[in-house]
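What follows is one chain in structure tokens, specifically the form predicted alone.
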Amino acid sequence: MSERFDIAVIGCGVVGLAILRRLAMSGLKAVALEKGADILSGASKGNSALLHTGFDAPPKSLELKCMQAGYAEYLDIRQNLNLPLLETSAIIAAWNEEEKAKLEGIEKKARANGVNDVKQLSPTELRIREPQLSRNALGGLLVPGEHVIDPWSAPLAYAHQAIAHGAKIIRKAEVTAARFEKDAWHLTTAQGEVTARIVINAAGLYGDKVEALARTPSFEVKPRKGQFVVFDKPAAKLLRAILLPVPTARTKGVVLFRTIFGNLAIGPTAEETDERENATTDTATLEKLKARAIEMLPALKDVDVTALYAGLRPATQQSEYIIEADEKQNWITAAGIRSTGLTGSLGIAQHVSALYAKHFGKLPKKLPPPKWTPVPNLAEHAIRPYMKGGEIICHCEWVTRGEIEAATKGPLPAGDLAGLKRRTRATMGRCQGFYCAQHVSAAFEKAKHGAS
């Protein structure tokens, strides 16, 4: 490829796409390289999809700064990009006296982090808010600003907006080698060589491997697996808020939450693993998750489980985000972005943009007007395409043929069936594709290739 770019972002997860969007909108000639067949093929494809306030983040940390900046920007742009928001609030529930004693400290930490609307709840107040909650709960801490969002539509919207501002996204383009000469990086990919003045490593689960192409990594990715259990849609009416445990130093713990797609889910676990590609589930762990969910919300015992899934988080040996610029090597690293990456992505992009301006060149103070690229709504609580008519292909998730056809067109069509699922929800309902997978696949191939 003879074209030369200002920046090349390696990795098309939510963080990479948010960075691509920010820098493309700043007037830089930008390209993103993704090893998978579609965007969100790595860590970003499986998470709990919560928009966090940062109430329990490490005080004065870069993670807190990025989360709160990302939170604010998401609320600022979401209507223009048609990004859903399920306003739920969150409750940290205490299930024993030891946990109850920790609520005061969590409240103080939240206020120190600028989250001042938190409030402790008595057992009576807790039951008024959550009448289906087990009577074993001894109290809680209300965090009104915590919400549920769509984990896939948001990064898709960031990608579309980046493309609208001139960026390119190249898929099936794993970077296998890199050399720096004549003031630019020359990246060897399966799609040919890509040349860019600055490289931004946002490769998530492969962040240390990509880092090693250019310099000795200061970190090692230690993947952490999180398993989830998804209950059928009737469960969603049993809980209003996101139900959080009292966190530990290692993890936020197992969360019971409504999804943007109208289900109720519990997870994630936090399991160390060497696996970077496939996150498997196991029966014993999932049974424990299900039992814990029923223990907290007894009425769940009468609701079926719809789906099981697992995601991988790119943890490192460091607890903090690793975001730094190497001025001598024309390199920016954004690594170690774990469970808060969806919330923090837009804030991380702001931080990376500031690093670029400090080390590699000024950005325009006056930007051109943004080009808005709204995405189709998949949220259960808002208007879906099937409500306006059309042939339904997936009856569990009410996905229409028109949605599948639309997902195969435009500037970034679905690259594979997994990408189609993330764009439409097809085959992700109660039957998990048992009845519709063949029809969905046929509709996808017909729309993509015109086959009969």
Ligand SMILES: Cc1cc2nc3c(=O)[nH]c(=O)nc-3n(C[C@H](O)[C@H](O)[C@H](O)COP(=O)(O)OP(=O)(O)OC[C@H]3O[C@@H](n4cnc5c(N)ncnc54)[C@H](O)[C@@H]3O)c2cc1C
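Numbers for residues come from their place in the sequence shown, where the first is 1. In this text, all values refer to a predicted model and were calculated from it rather than measured experimentally.
Form predicted in complex with the ligand: not shown, discussed below.
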_If I superpose the C-alphas around the site and drop in the ligand as it sits in the predicted bound form, do 3 or more of its atoms land within 2.4 Å of a backbone or C-beta atom here, i.e. is the pocket blocked or open?_
blocked
_Which is the contacting stretch out of 400-408, 382-390, 23-31, 38-46, given heavy atoms within 4.5 Å of the ligand in the predicted bound form?_
38-46
*Any chance I92, I266 and L286 all have a heavy atom within 4.5 Å of the ligand in the predicted bound form?*
no
_P84 versus the ligand, in the predicted bound form: is there a non-hydrogen atom within 4.5 Å?_
no
*How about G204: is it within 4.5 Å of the ligand in the predicted bound form, going by heavy atoms?*
yes
*Would A414 count as touching the ligand in the predicted bound form under a 4.5 Å heavy atom rule?*
no
_Interface membership of T333, the ligand in the predicted bound form, 4.5 Å heavy atom rule_ = no
*Quick one: from A196, L312, A157, L239, grab the residue that has a heavy atom within 4.5 Å of the ligand in the predicted bound form.*
L312
*Position in contact with the ligand when the complex is considered in the predicted bound form, options I200, V229, A349, L342, heavy atoms within 4.5 Å*: L342
*asked:* Where, within 148-182, is there a heavy atom within 4.5 Å of the ligand in the predicted bound form? Residue list please.
replied: A173, E174, V175
